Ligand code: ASP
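Below you will find one chain, with nothing else, as structure tokens; this is the form predicted alone, and questions on how it binds or moves follow later.
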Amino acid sequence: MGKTESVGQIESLKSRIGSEEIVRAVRVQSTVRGAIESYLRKEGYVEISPVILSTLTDPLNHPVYDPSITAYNQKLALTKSMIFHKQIAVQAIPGIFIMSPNIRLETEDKASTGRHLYEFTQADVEARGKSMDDMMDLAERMIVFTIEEVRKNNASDLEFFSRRIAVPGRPFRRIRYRDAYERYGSDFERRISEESKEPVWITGIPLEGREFYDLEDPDDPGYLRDMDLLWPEGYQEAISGGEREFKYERILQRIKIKKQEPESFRTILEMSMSGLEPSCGFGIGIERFTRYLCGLKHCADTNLFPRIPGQPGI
């Protein structure tokens, strides 16, 4: 890094630390984190430690750069998500959550979406023996509680942002993926989000639209027992989740359909050979939640030290 670049980054950092908007957004985010953790504990969920480096991580369903290191004669990837660790963890503890730091080196074109950081945190939740409907209900109650806590504890911050956040009514509206696509076309998430005043669920994601680990609906072949939650007002994705494939033969078949290497997922395959109990879970992005609550243009404005795709950070 040249001296000019270094000086520019230091000045940028000083500007961020001195920004009232960013400081207030960080305060809101602190309430969001605390409320989610408090609510999940009250529901009996146990917090486990995040995994930063692993031989096993989320393959994702879209292209990203793939950072890894070699240590102790192993190739270790930076965690894109703890999806497999969650599924394994609930074999021991019925309900778990993690404030999980994720590294996803998104392509540079994601810099301008307002929704993407290449280092972010999601509250990752998983429960043994629960269904998609069970976890949607949990997520709704958790979101309502969190918004109530922000309204109570961060009234002056919301006033600064000119935000009047209403507590959404439950249950949240649901739209089947195929119906949304038929009505709005491929850009349905943005259009539904922009038209909505409260969060909206998208359910029944097509098989090819997701990774191999989510459960194909036995009553609706070709579609998954999956759900995405959209924030209103154009802020788009809030939550992604679903029920998990847990049978060895099905996991292996789905890996092959995705043209991926079974050896890359040996741990979860061997665990499934020994027998995995069914589970379901979701992840909710903390920065995206904060962005919506504060009405910000970019998730970067919720963080003192943001990582924007394609841009240098401190």
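Numbers for residues come from their place in the sequence shown, where the first is 1. Everything numeric here is computed off the predicted structure, so don't read it as measured data.
Not pictured, yet referred to below: the form predicted in complex with the ligand.
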Does the ligand come within 4.5 Å of a heavy atom in each of Asp58, Tyr213 and Gly281 in the predicted bound form? yes
Is the gap between Pro199 and the ligand in the predicted bound form 4.5 Å or less for some heavy atom pair? no
My question is simply whether Asn154 lines the interface with the ligand in the predicted bound form - judged by any non-hydrogen atom within 4.5 Å. no
Within 4.5 Å, heavy atoms only: does Lys86 come near the ligand in the predicted bound form? yes
So in the predicted bound form, does any heavy atom of Arg225 sit within 4.5 Å of the ligand? no
Location of the ligand contact in the predicted bound form, chosen stretch of 281-289, 32-40, 45-53, 247-255 [non-hydrogen atom, 4.5 Å]: 281-289
Which residues within 230-249 place at least one heavy atom within 4.5 Å of the ligand in the predicted bound form? Ser240, Gly241, Gly242, Arg244
